Every structure is written in C-alpha cells, then in structure tokens.
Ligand SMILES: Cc1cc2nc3c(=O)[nH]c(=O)nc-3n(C[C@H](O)[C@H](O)[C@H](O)COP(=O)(O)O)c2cc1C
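What follows is a single chain, given as structure tokens, in the form predicted on its own.
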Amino acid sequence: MKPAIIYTSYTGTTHAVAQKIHDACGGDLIEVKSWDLLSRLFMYFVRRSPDMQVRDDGVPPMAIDLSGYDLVVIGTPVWMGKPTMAIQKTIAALTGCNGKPVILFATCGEDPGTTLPVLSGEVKTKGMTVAGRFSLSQKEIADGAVIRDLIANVQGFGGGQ
C-alpha cells in the first residue's frame, strides 16, 4: 500500500510529523503552500519572531490525483483555530479520491479549535471516509505517543515498509 501524505508546514512542525509518517510507512510526501494574502502576512510576522524558522518549501495548492493511492494522510498546522487555506484549497482540488480512506492530523500550540471537524467535512464532500483524526499539541509532539498512534493508524491500513 502506498499512502499519499499531503501537508502544509510553515515553521517545520507539521513537516516533521509528516516526515516521521513517511519514514515509517513510505508513500509520497507532498508539501503544499499557499501564497495568498493571509499566508504572506503570517510569514511576514513569523520571520520577525526570533525563535521561529520559516520553511520556504512546497508547491502551490494544485489538483492531486489520488487514484493510485489506497490511503491519504492530510496534515495542517492550526491557524486561528482552523486549517490553513493551502490545505483547504488542496482538498477542494483533489481528484480520484471518492471512497478513499483519509487520516487527518493537525499540529497546534494547545487547542486545535475546529480544524479537524472542518477538514472532516471537506474531505467527506469529496467522497472520502475519515479513518482517523489526530490533534498534536507541542507537548504531545515532544512526548511522541500521539505520533506513534498516528503512525500505527497508517500502518493499520497496510502502510509500512
């Protein structure tokens, strides 16, 4: 089984989680990034924060054909209690996803807000079935238990090298 791991990451936190999933389960790692006004403002302010590094990787949100995948994993940081526009635009443009199971994850400081319910609704409108939802706070990421649970969920669908 080959999962598609689609995510956006501006400071590297979500990227690190997606990379761990990829290292344990294989598949294709697809990073997307939006350059809309909100994203540009966020990047401007984060770049001026002495403790934060900003990733410049990623392709613009685009149509991704999921017909060749058995499982989809989608990850996003939480912005103001919601998923990023880059992930929302990417989900809207997905093709070949009807009937596919999807595992969602959100990285956040403490509270994911409505991020996971919003993503769940969006993937369901594309005909996908939510097979798992994970919220990872900074503390949980440092602990590693939730990441292990997330990876186990992906591997439960046959993802693994």
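Quick caveat, the model's predicted, so the values are computed rather than measured. The first residue of the sequence shown is number 1, and the count goes up from there.
What comes next is about the form predicted in complex with this ligand, which is not displayed.
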Considering only heavy atoms, tell me if residue 77 and this ligand come within 4.5 Å of each other in the predicted complex.
yes
Considering only heavy atoms, tell me if residue 14 and this ligand come within 4.5 Å of each other in the predicted complex.
yes
Do residue 109 and this ligand come within 4.5 Å of each other in the predicted complex, heavy atoms counted?
yes
Quick check on residue 153: any heavy atom within 4.5 Å of this ligand in the predicted complex?
no
Output flag, 67, 90 and 127 jointly within 4.5 Å of this ligand in the predicted complex, heavy atom basis:
no
